[in-house]
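Just the one chain here, the form predicted on its own, laid out as structure tokens.
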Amino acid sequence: MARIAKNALPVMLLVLLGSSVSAEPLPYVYTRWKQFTVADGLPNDHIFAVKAAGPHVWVGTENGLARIDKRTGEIETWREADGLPWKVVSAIDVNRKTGEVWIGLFGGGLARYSGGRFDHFTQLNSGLVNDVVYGVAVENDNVWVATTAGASRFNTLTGEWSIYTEKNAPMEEIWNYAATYNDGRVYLGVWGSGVLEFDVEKERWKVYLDPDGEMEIDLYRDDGLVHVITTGVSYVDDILWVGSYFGGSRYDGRHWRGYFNQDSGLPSDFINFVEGRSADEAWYCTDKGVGVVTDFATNTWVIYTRVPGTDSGQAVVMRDREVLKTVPMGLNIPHNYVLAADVDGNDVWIGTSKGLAWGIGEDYYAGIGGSASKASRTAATAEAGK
């Protein structure tokens, strides 16, 4: 039998281990997807909102509300004939303590679904400042509602309403696009006013703006929010992720980082929504697909798109603007115009203008390389040192 040279062992090991010991460690790529459309039981394919809560996923569409049972795949729907107060559902949040589902209605105000019935709040019968609702966020016993004429806060225990406009909050404009709550702070994305932070305990506002004042471009790199027309906000692990119609931003409390199509994995600077998973990962929903920054330190991204004119999708792994790998697959997202996303443990849900996608992450790992890849590289390194 031929003798194998000792210095050949590491090379053979690398071959056996395959791509897991690549010089370019890669992030996790979702390759298992399920899709839901009208054909599967959704009331409409134009998805405005998606919210996972336990075994269920709530879906807001242009013509009704849906609830998907992840265990069985069954879909229950509500339209106006079923008691839904308004057909266009633009925002959803769930009170994890009570199970109440809060529903933003685009032109119809706010609804609460609890105990099998809908309660309806409008600017005529409550303290809701406007009936065109873009965002809803549950904050302890309160519900925040982002509308085109300011924000409202509803105390579900006392029934008291508070209204925030340019008269009592630092809003240069009052068109509120997004609302989110985490770790004692409410964040509002406001058209023309950047991001407003409300400290719940201190009842104090803080403003995040684009300090260079230039409306069309980001004049100075990483000087603050990339633009004041903010469309999405997400706060997780002490990191603020922001989406706008002119790019994305990340803020760690001291340093800003701006993201643009020209220097990152953003498919487009036109961002409809952002959902942060961690301090390193965020999902940007754009008009040309989903751009996921998977590792902040290395600016590594995964872009998910449907290939136009085909029934196939693909994922492109990028670092800065360098393509590291292209992963062809069957359909991943139904359409490249993406309006909503929600992280559900290792899974993700993506709402588009032509249906809903469920990315299944059974072997998900954070960052780049993954635990298996790191173990393989360690073994290869140890063998090479013998």
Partner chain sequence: MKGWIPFICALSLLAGCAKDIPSPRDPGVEAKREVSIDPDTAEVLQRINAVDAYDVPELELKAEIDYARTSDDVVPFGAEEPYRKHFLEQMEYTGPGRAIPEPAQLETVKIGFIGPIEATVSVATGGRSHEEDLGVKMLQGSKLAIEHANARGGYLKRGIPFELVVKNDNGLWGASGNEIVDMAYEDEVWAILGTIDGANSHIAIRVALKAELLMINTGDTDPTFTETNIPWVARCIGDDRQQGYLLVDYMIRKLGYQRIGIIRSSNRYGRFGVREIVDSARRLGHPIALEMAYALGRDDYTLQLERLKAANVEAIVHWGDARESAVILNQMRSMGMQQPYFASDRTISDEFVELAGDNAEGVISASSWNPNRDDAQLEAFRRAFRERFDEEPETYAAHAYDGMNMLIWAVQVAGLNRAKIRDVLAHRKQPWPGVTGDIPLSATLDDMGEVFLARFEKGDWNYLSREDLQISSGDIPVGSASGGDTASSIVE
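Everything numeric here is computed off the predicted structure, so don't read it as measured data. Positions refer to the first chain, counted from 1.
Omitted from view is the form predicted together with its partner chain, to which the following refers.
Proximity to its partner chain in the predicted complex, taken as a non-hydrogen atom within 4.5 angstroms, holds for one residue of S234, N142, S193, S90, which is S90. Residue-level contacts in the predicted complex: of W358, W58, Y337, Y28, one residue has a heavy atom within 4.5 Å of its partner chain, and it is Y337. If you check its partner chain in the predicted complex, you find no heavy atom from any of G115, S162 and T294 within 4.5 Å. The stretch that touches its partner chain in the predicted complex, counting heavy atoms within 4.5 Å, is 346-354, out of 65-73, 28-36, 322-330, 346-354. Although the partner is absent here, E201 is not a contact residue: none of its heavy atoms lies within 4.5 angstroms of its partner chain in the predicted complex. The closest non-hydrogen atom of Y187 lies beyond 4.5 Å of its partner chain in the predicted complex. Contact annotation for P308: at least one heavy atom lies within 4.5 Å of its partner chain in the predicted complex.
Among heavy atoms of Y177, some come within 4.5 Å of its partner chain in the predicted complex. Taking its partner chain as it sits in the predicted complex, the stretch 129-157 comes within 4.5 angstroms of it through a non-hydrogen atom at V129, N130, D131, V132, Y134, T147, T148, A149.
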